[in-house]
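Shown next as structure tokens: one chain only, the form predicted alone.
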């Protein structure tokens, strides 16, 4: 039997129909029911995210219990930096208003590494314009201290200029004026 002139077209059309049927069935089986209710995403994702435990809180949450740190931190240059940036997630420390764990307090070389997260290079705000910040190790060189010094040897971690300003008041010496 000789195949007709249109047998190749029939095979192509059948292939497209089979592909479309499998595609339709696959879409029905694999697409979540809530997909497309509010747009091009799963509507259930909103409730799932809302039910997720909150891990990060604000500085106000931390400082409500840590009054000493609050007094210093809120007056210091680092007042806009989140407590969690240095200490970790609030959820690892408090749950349902009760202390559940102790957050790490960096010391020694670990503290220096933490400080270097922001102070390892000049931050470019715009081309050619640098945000005023302390840049290591240039800062240590300009202050004529060893590069092995840790930041906390001269600075209070919650208010970096607190010790510096106290020293200025006591001695009347300003290192910037001496340069």
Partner chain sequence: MDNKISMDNKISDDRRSFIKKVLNGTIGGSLLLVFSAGAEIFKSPEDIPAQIPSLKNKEYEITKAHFAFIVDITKCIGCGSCCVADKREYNVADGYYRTWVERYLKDYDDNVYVDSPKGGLEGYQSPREDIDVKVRDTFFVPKLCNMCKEPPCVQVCPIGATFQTPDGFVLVDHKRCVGCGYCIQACPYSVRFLNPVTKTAEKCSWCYHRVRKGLQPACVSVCPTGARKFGDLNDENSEVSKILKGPGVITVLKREMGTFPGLYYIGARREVI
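Residue numbers count along the first chain shown, from 1. The term rigid core refers to the maximal set of C-alpha atoms that superpose within 1.5 Å between the two forms. It should be emphasised that the depicted structure is a prediction, and the values quoted were computed from it without experimental measurement.
The same protein has a further form, the form predicted in complex with the partner chain, not shown here; the description that follows concerns it.
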query: 4.5 angstroms heavy atom contact with the partner chain in the model of the complex for residue 118; finding: yes
query: Partner contact for residue 89 in the model of the complex: the partner chain, 4.5 angstroms, heavy atom; finding: yes
query: Residue contact check: residue 100 to the partner chain in the model of the complex, 4.5 Å heavy atom; finding: no
query: Distance check, residue 29 to the partner chain in the model of the complex, heavy atom within 4.5 Å; finding: no
query: In the model of the complex, residues of 62 to 98 near the partner chain [heavy atom within 4.5 Å]; finding: 64, 65, 80, 81, 82, 84, 85, 88, 89, 90, 96, 97
query: Flag for residue 153, CA shift 2 Å or larger between the shown form and the other one after aligning core; finding: no
query: Direction of Cα pair change residue 132-residue 115 in the model of the complex, magnitude 3 angstroms or more; finding: closer
query: In the model of the complex, whether the C-alpha atoms of residue 80 and residue 135 sit closer or farther than here (change of 3 Å or more); finding: farther
